[in-house]
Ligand code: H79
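First comes one chain, alone, set out as structure tokens in the form predicted alone.
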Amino acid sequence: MLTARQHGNNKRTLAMAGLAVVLSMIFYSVQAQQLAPGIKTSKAVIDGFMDKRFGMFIHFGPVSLRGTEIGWSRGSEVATEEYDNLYKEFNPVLFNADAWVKAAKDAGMKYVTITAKHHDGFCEWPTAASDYNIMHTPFKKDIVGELAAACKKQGIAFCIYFTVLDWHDADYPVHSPHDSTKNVPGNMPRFVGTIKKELKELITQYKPYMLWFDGNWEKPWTKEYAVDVYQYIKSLDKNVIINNRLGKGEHIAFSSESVGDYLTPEQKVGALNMDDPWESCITICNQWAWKPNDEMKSLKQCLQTLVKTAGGNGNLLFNVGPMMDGRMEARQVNRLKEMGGWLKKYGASIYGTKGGPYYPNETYAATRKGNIIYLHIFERKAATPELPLLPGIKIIKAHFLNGPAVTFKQETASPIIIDLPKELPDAVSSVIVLELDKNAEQIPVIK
């Protein structure tokens, strides 16, 4: 039997213990959010990523059998039960990882990002965390693994797309973005445990250069989960790059809710930003996954998108959607090869450069490296276009990249006047090299 005093002491002890638990939970939450910046990917690694400038995004999965959008067509264009059983007939027998990577390399791309797991929950590697994976299809080949090996062989950085929502998993509370009556209570702590298992497999087995997260906008996913997963990833590989869609908040700007290394504007070229690393993800056609007869962008649209992205100091992650048999459409591969042909001539003005100092517009964009400004002229709207002043900086000489000299006039307090030939060297983007007497990378952005 306990005395009244002992009861009182025990109550105080329990109260103190409870308080300690609460304080430790608060401390852990605050500490977790404070730890993220301390373990963030190093600037050197991010700078190396931004130097690459151009990568391939690949959206692929059983949904290619229907030609509808990956994930989002589940429960709309394709009935949920039908969509969830497409994997049983998914057999992309003409899939060739080397051919995919070669298409990227021929395009001048420096990295490849594959949708290892999209919102529909299907896993394109033989995960032990779920039976809903590539080994339970007639194909029975590790798409992620073969692509990782092909990238390593061809000298291309291998990256993985992974979503933090899963409309197929019983533990994830949202089962349909189109019909809330299909949603379930779920079990988010257990779901987070599952995605950690999946991420551990992906990181330890395939060693991705970058993880491209998605799905952060749905309510069940919180910043606390994001911080926890970020730290877990960094415990496995401190150098893996992580986009900002792991955390909450906008894709185009960092905020107090952000967790990740760089910004991800979608289907548009990001604004000139010399402070935050960013990458625009844009489709070569209209749909992310393959769609029969989908309208494809012209070479002009493709190349000027790349140039404007680099001119804004960002990367371009350019998406293709392979067909149901595993091949990339020949027309898409040919368009990418045309882009690669341009980059063979003018790649020095894209790779390893900084954006600016001028804002990209419909007439020109600029990149810079060392004492050089690369001026990309899209079309000859005037024989003598004018550029804003470069205060305190002198242009020593100007010439087309790999071409003849260009005459210009530069006077104090007056715009710079460029004298263009009647016919530009390139119909899509001609590059003029402006050699300066000072470091172009130190010039403030000129509006």
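Quick note: we count residues from 1 along the sequence shown, nothing fancier. Since the structure is predicted, the reported quantities are computational estimates derived from the model, not experimental observations.
There is another form of this protein, the form predicted together with this ligand, and it is not shown here; the text below is about that form.
The contact with this ligand in the predicted complex, taken as any heavy atom within 4.5 Å, belongs to 72 out of 132, 358, 162, 72. For the options 245, 368, 308, 335, the residue carrying a heavy atom within 4.5 angstroms of this ligand in the predicted complex is 245.
With this ligand left out of view, the stretch that reaches within 4.5 Å of it through heavy atoms in the predicted complex is, among 338-346, 145-153, 116-124, 252-260, 116-124. Although the partner is absent here, residue 53 sits far enough away that none of its heavy atoms falls within 4.5 Å of this ligand in the predicted complex. When contacts are judged by a 4.5 Å heavy atom cut-off, residue 212 counts as touching this ligand in the predicted complex.
With a 4.5 Å cutoff on heavy atoms, residue 288 counts as touching this ligand in the predicted complex. In the predicted complex, this ligand sits within 4.5 Å of a heavy atom belonging to residue 57. Using a 4.5 Å heavy atom cutoff, none of 171, 191 and 229 lies near this ligand in the predicted complex. Contacts between 266-297 and this ligand, taken as any heavy atom within 4.5 Å in the predicted complex, involve 266, 281, 288.
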